[in-house]
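Same chain, two versions here, written out as structure tokens and called structure 1 and structure 2.
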Structure 1
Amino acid sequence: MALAAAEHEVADWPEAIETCFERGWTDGLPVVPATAPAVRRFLAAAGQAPDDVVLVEATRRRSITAEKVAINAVLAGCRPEYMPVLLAALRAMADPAFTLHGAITSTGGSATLVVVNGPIRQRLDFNAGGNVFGPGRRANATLGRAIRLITLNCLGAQPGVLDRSTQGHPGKYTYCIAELEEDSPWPPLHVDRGLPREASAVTVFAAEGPHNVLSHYGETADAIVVAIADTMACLGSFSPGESFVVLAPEHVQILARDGWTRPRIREALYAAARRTVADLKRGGKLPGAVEPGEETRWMHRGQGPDDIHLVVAGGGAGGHSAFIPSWSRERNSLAVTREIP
């Protein structure tokens, strides 16, 4: 299997790691330098030829081959068997609905949230439980990191060059969770998005960081909805964009006990996550001075209940759910789900 990438000769592994830093191939943390045998193993695991095109970025016409994906997956510390998940995530990011160029370059500073569903979660040991957004699990950590390295190395989104994030957020190192489908009384995300239950899938979303929703004393579904909707209505992230709500098992148990379905939760959140036009103007979210009648004119988070995507994940103890707002303030970038073959 002939590879096209340029080779650099180095004396040993420490020098290889330093060379990757010197050439600007890292996210600031050390990478695993990619050798040809390792890259061939990754391509074989994915059933891909080196020159298979995985993604074409529409704005700058950059084309990324399976070989470049494999090299970056090695750098990120992935295992070869993660390749199908990575390829599906990248193909989802290439969907025009995702608006890849905007998402990776905007001052908004988004990261690609990846949600993994289906049997592949257990097969590859993805974490859907405690510390789901945190460190400790290779599959989550390295898959999200591989996506970041590909945007840096293959799409030119280096900080200060094409990536003009004003602040960015820590999810730009890695931002990958799995859904705790076993603890959910509702169909999992990929089924809600139209795929069969037995399928494995990834959903990508150009997203801000997670906003914690602590509700420990809320022992009813109503209380939990009040807390989540209030977080969703915060001025800082307020827009008609999509939302992900990652519900902790403790909150899920209360919602399920009170008989709440996914549509009911979505409708209740949409109805309550709102601000007046006057508030939005006072907070600099809309231009102009407050006009008569605007104290009672309401705008909602999202364009409708279906803009709120529910995922179950997190540890068994603790009333901590999360609201994850879209980078896109309108319809310019939408969540995309893709089956993992």
Structure 2
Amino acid sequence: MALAAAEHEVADWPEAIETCFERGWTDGLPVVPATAPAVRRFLAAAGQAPDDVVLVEATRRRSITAEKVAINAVLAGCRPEYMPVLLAALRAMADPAFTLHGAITSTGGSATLVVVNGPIRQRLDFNAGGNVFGPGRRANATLGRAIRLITLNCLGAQPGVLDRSTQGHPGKYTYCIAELEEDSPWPPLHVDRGLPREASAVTVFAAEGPHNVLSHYGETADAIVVAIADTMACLGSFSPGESFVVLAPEHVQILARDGWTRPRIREALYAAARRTVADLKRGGKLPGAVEPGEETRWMHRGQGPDDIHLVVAGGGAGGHSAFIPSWSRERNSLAVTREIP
């Protein structure tokens, strides 16, 4: 299997790592040097030819081949069997609804949240439990990192050059979770988005970092919904965009015990996650001075209950859920789901 990438001779492994730093191929952390045999193993694991086109970014007319994906997956520390998940995520990012160019260049500083569903979660040992947004699990850490390296090395989204993020957030290193489907009383995310339960799938979302929602003493579903909706209504992240709400098992148990369904949760959150037009103007979210009647005219987070995507994940103990808003101040990027072959 012939590869197109140029080869660089180095004396040893440490020199190979330093070469990657010198050539700007890293995210600031050391990478695994990509050898030709390793790249071929990754391509074979996905049944891809080196020149198969995986993604086309239309704005700058950049094409990403399977070989480039494999190289960056090796650099990120992935295992070959992660390739089908990575390819599905990249194909989802290529969907026009995701608005890839804007998501990786905006001053808003989004990162690509990846949610993995279906049997592949367990087969590849993705973490859906405790510390789900944190370190410690190779599949989560390296798959999310591979996406970041691809945006850096293949799409040119270097910080301060094309990536104009004002502050960014740690999810720009890696931002990949799985859903704890076994602890959910509702259909998992990929089923809610139209795929069969037995399918494996990946959902991508251009997102801010997770906003913690602490509700230790909320012993009813109403109390939990109040806390989450209040976080969703914060001025700093208020927009008509979509949202992810990642519910911890402790909160899920209370919601299920009180008989709340997914539609009811969405409707209640949408109804309560709102601010007056006057508030939005005072906080600089809308232009102009406050006008008569705007103290009692309301705007909601998102455009309707279906803009709120519910996912169950996290450790079994602790009243901590998370609200993850879309990056854009408008409605420039939507969540996209793709089945993993």
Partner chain sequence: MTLKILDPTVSAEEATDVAVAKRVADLDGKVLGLLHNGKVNGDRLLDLVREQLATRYRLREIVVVRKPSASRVADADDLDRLARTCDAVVTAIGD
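The shown structure was predicted, so the numbers you read here are calculated from the model rather than taken from an experiment. Definition used throughout: the rigid core is the maximal C-alpha set that superposes within 1.5 Å between two forms. Shifts are known only where both forms have a C-alpha. Just so we're on the same page, residue numbers count up from 1 along structure 1's sequence.
Q: Given that just one of these two is the form predicted alone, which number is it?
A: Of the two, structure 2 is the form predicted alone.
Q: Tell me, which consecutive runs of three or more residues change place between structure 1 and structure 2 by 2 Å or more at the CA, with the core overlaid?
A: Run with every C-alpha shifted by at least 2 Å: 328-331, nothing else.
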